[in-house]
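Given next, in structure tokens, is a single chain: the form predicted on its own.
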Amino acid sequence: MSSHTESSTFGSLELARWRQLPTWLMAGGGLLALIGAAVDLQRFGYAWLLAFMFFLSLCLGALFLVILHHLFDAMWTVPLRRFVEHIACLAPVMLALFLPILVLAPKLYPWMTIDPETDHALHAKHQFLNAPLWYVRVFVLFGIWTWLAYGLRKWSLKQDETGAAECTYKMRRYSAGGIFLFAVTLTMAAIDWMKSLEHQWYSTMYGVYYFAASVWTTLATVYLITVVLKHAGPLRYVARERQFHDTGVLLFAFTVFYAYIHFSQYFLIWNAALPEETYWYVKRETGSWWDIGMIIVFGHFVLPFLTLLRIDAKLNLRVMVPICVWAWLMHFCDLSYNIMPVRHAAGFPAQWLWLDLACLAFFGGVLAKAFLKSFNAHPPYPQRDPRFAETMEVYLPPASSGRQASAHGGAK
């Protein structure tokens, strides 16, 4: 079957009931966000930043999963790779959505309006943490992510057309160098856009912390999208038990990894008891932030950990779908815990929850439209990946064995 036929037959999502949902999210969320901006521009900026970091984690998590696929020459991820590539390729859209943060940066990041000569912590970090370099890094980071994501998808689509081994090698080379670029750029983004909200704070684990949370949330999203695409048609015959089980296994692994990283950061800061580090957690033990912290401990780790312990739970949609939606809620709580105490030190700002949800809805609508446009324009899964037959548990004898059999038959 040709790539074009595959795309037109299976690639179009025929979910009429939900077709207008992205538009509704954009319209409703955008309207409420504008109202929020008119009421309190700075509070709107923090809500927008929270939504941005939430969806950036999905894009970066998807880029990591694509890189991981090629680095380990994975077999079971082949049917899922294409739509994960499309999520990673949302980086340019994310850059456009970052523009309000660029404009509001002096209102969001207190260090931008402080003289470094009057602040010892800022003076010590000023060579890295200065406004001109911060703005330059924004475009450098998005440039690298776009180059990596589009390069990997370009060769993936070329593989659909030619099936040439060169495409596989190219994607492996991108991934071999890309994993180092990914690690550095994700760390810089987490430091620049979240950690620097409180520039006095020191943490050497913050980049890994954001990475672990990003991949955890992305795996939950990949599981849900796979469920939808299998039942809607595009992945009906290629997404099998193995894909759901192994995605669930990775989700379980990153549940533990995230908890390990978060606990390690807290324990090292608590054990050292340095004022430059402890004040960050002291602030988050005030008021209802303590309750949010407990929700993260038990909801982000204990609940999914115990639920995913059973092997059969990873194949039970009645268990996995709620857990994946729960992962989004926990990630929202986690990002609020990181961002919102800067503005609301007394506790979680429940009265502003409508603005946070409005920004999330707008982001979700914009990115869903961009994702569906890419998804419907290309085959829904790789057509000529060399591991595809193995993924489908189909044994294809090598061409050499066929020639040898013919030679033996002729000799007889």
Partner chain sequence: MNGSAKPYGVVAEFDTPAATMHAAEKIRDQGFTRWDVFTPYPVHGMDKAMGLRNSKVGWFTFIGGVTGYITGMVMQWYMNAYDYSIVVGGKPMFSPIYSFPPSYELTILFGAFGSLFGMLFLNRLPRLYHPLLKSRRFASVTHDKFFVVIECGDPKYSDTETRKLLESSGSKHIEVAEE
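Positions refer to the first chain, counted from 1. Because the structure is predicted, anything quoted here is derived from the model rather than measured.
Another form, the form predicted in complex with the partner chain, is not on view; read the next lines as being about it.
Interface residue remark: residue 72 is not counted as part of the site for the partner chain in the model of the complex, having no heavy atom within 4.5 Å. Within 4.5 Å of some heavy atom of the partner chain in the model of the complex lies at least one heavy atom of residue 241. Taking the partner from elsewhere, residue 113 is found to have every heavy atom lying beyond 4.5 Å of the partner chain in the model of the complex.
Proximity of residue 271 to the partner chain in the model of the complex falls within the 4.5 Å heavy atom cutoff.
Distance criterion of 4.5 Å from any heavy atom to the partner chain in the model of the complex singles out 263 from the list 263, 328, 128, 150. Residue-level contacts in the model of the complex: of 136, 282, 311, 96, one residue has a heavy atom within 4.5 Å of the partner chain, and it is 311.
Partner contacts here mean any heavy atom within 4.5 Å of the partner chain in the model of the complex, and among 154-162, 337-345, 246-254, 263-271 they occur only in 263-271.
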